[in-house]
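Just the one chain here, laid out as C-alpha cells, in the form predicted alone.
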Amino acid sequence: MDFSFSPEQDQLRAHARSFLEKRFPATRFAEIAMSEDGWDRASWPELARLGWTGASIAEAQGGAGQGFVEEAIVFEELGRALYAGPYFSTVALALPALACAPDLLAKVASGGLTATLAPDDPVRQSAGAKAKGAAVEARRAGDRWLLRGETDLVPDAGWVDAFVVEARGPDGIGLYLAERHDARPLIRVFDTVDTTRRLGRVTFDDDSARILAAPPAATAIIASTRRRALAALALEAVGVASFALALGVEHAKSRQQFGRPIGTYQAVSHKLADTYVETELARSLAYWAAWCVAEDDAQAELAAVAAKAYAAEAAVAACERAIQVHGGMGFTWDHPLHRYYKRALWIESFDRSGAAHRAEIAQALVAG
C-alpha cells in the first residue's frame, strides 16, 4: 500500500506554504495578534479564491470536490504559519452541520460565510449538569425556531457570521443555524492565552434560527464534528511543532559559544533530536487520523483522539525546547516563539486534556 502523498497533494502543500510565508511573515504575528480584531479579515477572500474554504465541498456547490486529507494539508500549513482567522471554526467545526443545507455550503466555498460551533456548554458537561437540560433551548414559533440560553468557550465567536448551535428542542438535541444580525446574539469575547484564536460567550434571547439537523441525525453529526476537530487540531499542532523545531535548528546552527555552534553540544542537539522524533510521530498519527476521518473508518474516533492527545503535547514540548535553545532571546516579547507556544497550549486544552484523552483510548481498547 502506498502511503505517500500524491503529486497534487504535494503541490497543494508547496503552494500553501509559499502563499502563507509571503502573506503572513513572522514580522506580522505581533501586529495581527495585538490588533482589535485579532485577524486579517482581508485574508478570508484570498483563502476562498485558493479553494481552501471549499476543499471538501462538492463541485456542484462551488467547492473543489476533494476530501479531508487535502484539508489536513491546509490545516498543517496554517498551523505552521500561525494563521489567525476562522478557518478551523468554519471548516472543522461548522462544516459537517452546514452540509445539511447545500445553499450554505456554496456560501462557505465562495468565502461568503464563516461560522463556528456553539456547543452544549463544556463547563456544564464536565460538572455533570447536562442531565438538567441543555445550555440553549429551542422552541418553535410559527414557522420559525427561537433560541434561548447561553453557551461558553465558543471559538472565534467574535469573528464569524453565524453559529451552529447545539440546542434542545421538543425531541432532544438538534443543530440550528443562528446568523448574526446587528448586535444579536449577544457576544462577549474573552481574553485568552492565544489572542489569535479567541473564545467567547454567546447569549441567545429568543433569537431566530434555522434547523439544520433534528434528533437523532444531529447526534451523528456532532460525533463526526468532534472527530474532524480533533484531527484538524492534531495537524495544526504538527505545523506548530515543525516551525518551532525549524527555529531551534536554525538558531543552533548560527549561534556560537566558545567558538563553536551551540548545536554541537549534546545539551542542545539532544533536545532538538527528541523534538524531531516526536514531531514526526505526531505527523504520522495526525495523517492516520485524517485518513480515517476522510474514509469514515471504524477507527476514526480512536485515531482522532490519539492524534490530538499526542500531537498537542508534542507541540507544547517543541515550543518549550525551542525557547530553551534560544536562551534569553527565546523569552522576549518580540520573538515569535511565545505566540506558537500559546497556540500549542490552546490546542492542548481543547476538548479536555491529554490525560483525559488517553483514558478514553484505554477505555475503548479495553471495551474492544
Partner chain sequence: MDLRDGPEEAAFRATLRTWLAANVPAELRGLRGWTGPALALGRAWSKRLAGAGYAGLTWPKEYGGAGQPWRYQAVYLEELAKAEAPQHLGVIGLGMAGPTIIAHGRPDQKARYLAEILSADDIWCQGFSEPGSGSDLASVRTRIELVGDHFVVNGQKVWSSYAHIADRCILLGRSAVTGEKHEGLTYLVVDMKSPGVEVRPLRQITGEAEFNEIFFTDVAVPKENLLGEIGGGWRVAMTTLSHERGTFGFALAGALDVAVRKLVALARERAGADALVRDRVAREWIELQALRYTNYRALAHLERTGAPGPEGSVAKLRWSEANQRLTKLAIEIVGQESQVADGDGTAAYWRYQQLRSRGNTIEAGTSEILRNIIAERVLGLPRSR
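Predicted model only: the values in this text are computed from it and were never measured. Positions refer to the first chain, counted from 1.
Not on display, but discussed next: the form predicted in complex with the partner chain.
Residue among Gly158, Pro215, Gly111, Pro261 with a heavy atom within 4.5 Å of the partner chain in the predicted complex: None of the other options qualify; the answer is Pro261.
Interface residue in the predicted complex among Leu50, Ala58, Ala26, Leu302, criterion: non-hydrogen atom within 4.5 angstroms of the partner chain: Flagged contact: Leu302.
Answer range among 280-288, 178-186, 141-149, 193-201 for contact with the partner chain, defined in the predicted complex as heavy atoms within 4.5 Å: Of the options given, it is 280-288.
Contact flag, Ser224 vs the partner chain in the predicted complex, heavy atom cut 4.5 Å: No.
Asp274 within 4.5 Å of the partner chain in the predicted complex, heavy atoms: Yes, Asp274 is a contact residue.
Residue contact check: Ser269 to the partner chain in the predicted complex, 4.5 Å heavy atom: Ser269: contacts the partner chain in the predicted complex.
4.5 Å heavy atom contact, Val249 and the partner chain in the predicted complex: Although the partner chain is absent here, Val249 would touch it in the predicted complex, with heavy atoms inside 4.5 Å.
Every residue of Leu245, Lys253 and Tyr310 near the partner chain in the predicted complex, heavy atom within 4.5 Å: Checking in the predicted complex: Leu245, Lys253 and Tyr310 are all within 4.5 Å of the partner chain.
Sequence-ordered list of residues in 180-213 near the partner chain in the predicted complex, where near means a heavy atom within 4.5 Å: Residues within 4.5 Å: none.
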